[in-house]
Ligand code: NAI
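Encoded as structure tokens, the following chain is the form predicted on its own, with no partner shown.
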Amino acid sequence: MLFGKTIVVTGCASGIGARAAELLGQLGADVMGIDRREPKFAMAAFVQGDLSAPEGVASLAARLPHKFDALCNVAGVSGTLGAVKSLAINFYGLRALSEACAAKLREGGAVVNVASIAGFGWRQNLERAKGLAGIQGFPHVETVVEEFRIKDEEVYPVSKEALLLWTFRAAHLPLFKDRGIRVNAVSPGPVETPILAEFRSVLGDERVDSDITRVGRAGNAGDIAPVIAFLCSDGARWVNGVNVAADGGLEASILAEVMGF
């Protein structure tokens, strides 16, 4: 279902991004990777760049192919870089790249955003998420962090809440919808990647261990990559504006607890 497609993957040098890029290539796609560091395996093409500032996003968008089939927004940071840098990369840079690439995506193409179970609280924090997602363009992120009083230790879930809300909105924005471009998200639970140790320092061992205990084991990059591949494929042509919880049942467990069923 991916043979002959050209797919761009951000964060391709490690973790979920690396496994997704590898699997997409194995399934027949020509993969173009984006990362600050060069990947350790061969792809059709690689572009080095940074999503944390508008000029970096503009440079990346200009170097991408004139036409491609899917954009996989996997690049993200845990929050250890601080609220400003983390929000810039995890949300505003991701969104800016997606919007800049909309005209380059073929009709019927796809945008796949890697969110997180950490964004589960978007409903409870709806007004904040709406406020963050409602800011147009790539803002001065330091001002945004000050306005919304976002602390370093909470920026990761905050960024993922905004990303999920934007995913639902973007599926119906003319920029994407008028050309049949689907916009979906994947929300992993705890995954054994190099960034997991950073999540422990940001979210705390108790939170991470509790989540793992709920589902029996931590996930791995190979558990998430096939979901990304499916959302890029023609098999998902009627899937739009959806968040897929690839978390071993963690969201279901939390929902049951929160809603009392």
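As the structure is a prediction and not an experimental result, all values here were calculated from the model. In case it trips you up, residue 1 is the first one in the sequence shown, and so on.
Not on display, but discussed next: the form predicted together with this ligand.
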item	value
In the predicted complex, Ala245 touching this ligand (heavy atom, 4.5 Å)	no
Partner contact for Ala20 in the predicted complex: this ligand, 4.5 angstroms, heavy atom	no
4.5 Å heavy atom contact, Asp69 to this ligand in the predicted complex	no
Exercise: Pro194 in contact with this ligand in the predicted complex, heavy atom 4.5 Å	yes
Listed residue that, although this ligand is not shown, lies within 4.5 Å of it in the predicted complex (heavy atoms), from Arg217, Arg36, Arg207, Arg63	Arg36
Contact assignment for this ligand in the predicted complex, among Ser116, Thr167, Ser98, Ser86, heavy atom within 4.5 Å	Ser116
Whether Ile16, Leu51 and Pro190 all lie within 4.5 angstroms of this ligand in the predicted complex by heavy atom	yes
Contact segment among 100-108, 72-80, 138-146, 121-129, judged by heavy atoms lying within 4.5 Å of this ligand in the predicted complex	72-80
Residues within 4.5 Å of this ligand in the predicted complex, restricted to 55-73 and counted by heavy atom	none
